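Read the single chain below, which is given as structure tokens and is the form predicted alone.
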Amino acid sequence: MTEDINTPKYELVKDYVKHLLKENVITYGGKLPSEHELMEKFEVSRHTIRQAFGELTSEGYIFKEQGKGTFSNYRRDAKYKQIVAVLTTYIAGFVFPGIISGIEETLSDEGYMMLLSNTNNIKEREAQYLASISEHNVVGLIIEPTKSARENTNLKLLEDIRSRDIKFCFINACYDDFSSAYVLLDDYKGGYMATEYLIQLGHRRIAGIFKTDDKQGINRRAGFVAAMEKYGVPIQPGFIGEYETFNMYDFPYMFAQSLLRKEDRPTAIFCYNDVYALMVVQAINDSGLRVPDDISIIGYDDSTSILQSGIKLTTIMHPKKEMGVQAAKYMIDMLEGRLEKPQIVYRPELIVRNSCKNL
């Protein structure tokens, strides 16, 4: 390497490190000289070394592990693709196949690999995955937070990962105490729209069933309450059912049956999502009643559009694949230096089918 007296000192450090990597003097995963060693070699300040390391990290040449040192992220194989990890609460069912499909197709088209995992909405599993992420040498993480309405017990793990300049993009929800790029749906507005629609159809005895350990459920419930208050419709005692992940496959059916036994049963029920709306429809049918003649049902997510007995569910649309595509595009833009912390909130859309009766 020749030295130009006009070349900034940090550029000289960068060129030297790139030479070590490209000539395979330091192989992929190998440890770089320490900041102190490079300071002595080039007779520069620690700031200069860190400026060089910062740009090399952004360009994908190196990565840092807290307390261990700085390592090569460079492979001589031109076909090597950088890895973006994707961590969702679930993989099959609900909105996730569409989201994951959008992410995978977009990353693949741009030459990135996807590493997919899920937590089953268990905080401990999220912690295990985050703790092991360094083993996979990823450059970015697209993540749906686990039990996002609860305390972020994995904040330190997230901060440790970010200290290695791994990029983050949250999807569906985000943690309040961890600022990041995100792709969200306005669930408060969606809850409001669904409830307003039922009210405009003439319903006044409206029940709601909501999941409470995820922000989506908290926000949909808040929209439900806001619409009822706006139109002066009282919420009847016992008409709001709340459940968490541990009992999500039992509660909707059981709660719907309890509602149907009431003397003044509801004329309409708003469900946290379409999957649980299906359980409520089953409870209604098992009670000898029918949707929508006896009780109207509205869901959320547009993930189960056709229900049993010809019922097609009125629901709030979740732009599943579009959100996955957008999250992947944001990730690529951050990795390639075009954007720093992009954020978008999608406006929900009401899909009217035949599960709600006009009173």
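Please read these numbers as outputs of a predicted model, since none were measured by experiment. Just count from 1 along the sequence shown to find any residue number.
Below: the form predicted in complex with the DNA, not depicted.
Participant: If you check in the model of the complex, do G202, S258 and R265 all have a non-hydrogen atom within 4.5 Å of the DNA?
Facilitator: Per the other structure, none of G202, S258 and R265 touch the DNA.
Participant: Please check if G30 has a heavy atom lying within 4.5 Å of any heavy atom of the DNA in the model of the complex.
Facilitator: It does not: once the DNA is placed as it appears in the model of the complex, G30 has no heavy atom within 4.5 Å of it.
Participant: Hey, in the model of the complex, does S303 get a heavy atom within 4.5 angstroms of the DNA?
Facilitator: Residue-level check for S303: no, no contact with the DNA.
Participant: Whether E37 contacts the DNA in the model of the complex should be assessed with a 4.5 Å heavy atom distance threshold; does it?
Facilitator: Yes, E37 is a contact residue.
Participant: Within 4.5 Å, heavy atoms only: does S45 come near the DNA in the model of the complex?
Facilitator: Residue-level check for S45: yes, a contact with the DNA.
Participant: Answer with one of R50, K41, K312, R290: the residue that has a non-hydrogen atom within 4.5 Å of the DNA in the model of the complex.
Facilitator: Residue within 4.5 Å of the partner: R50.
Participant: Based on heavy atom distances of at most 4.5 Å to the DNA in the model of the complex, which listed stretch, 67 to 75, 103 to 111, 138 to 146, 116 to 124, is the contact stretch?
Facilitator: Result for this chain: 67 to 75.
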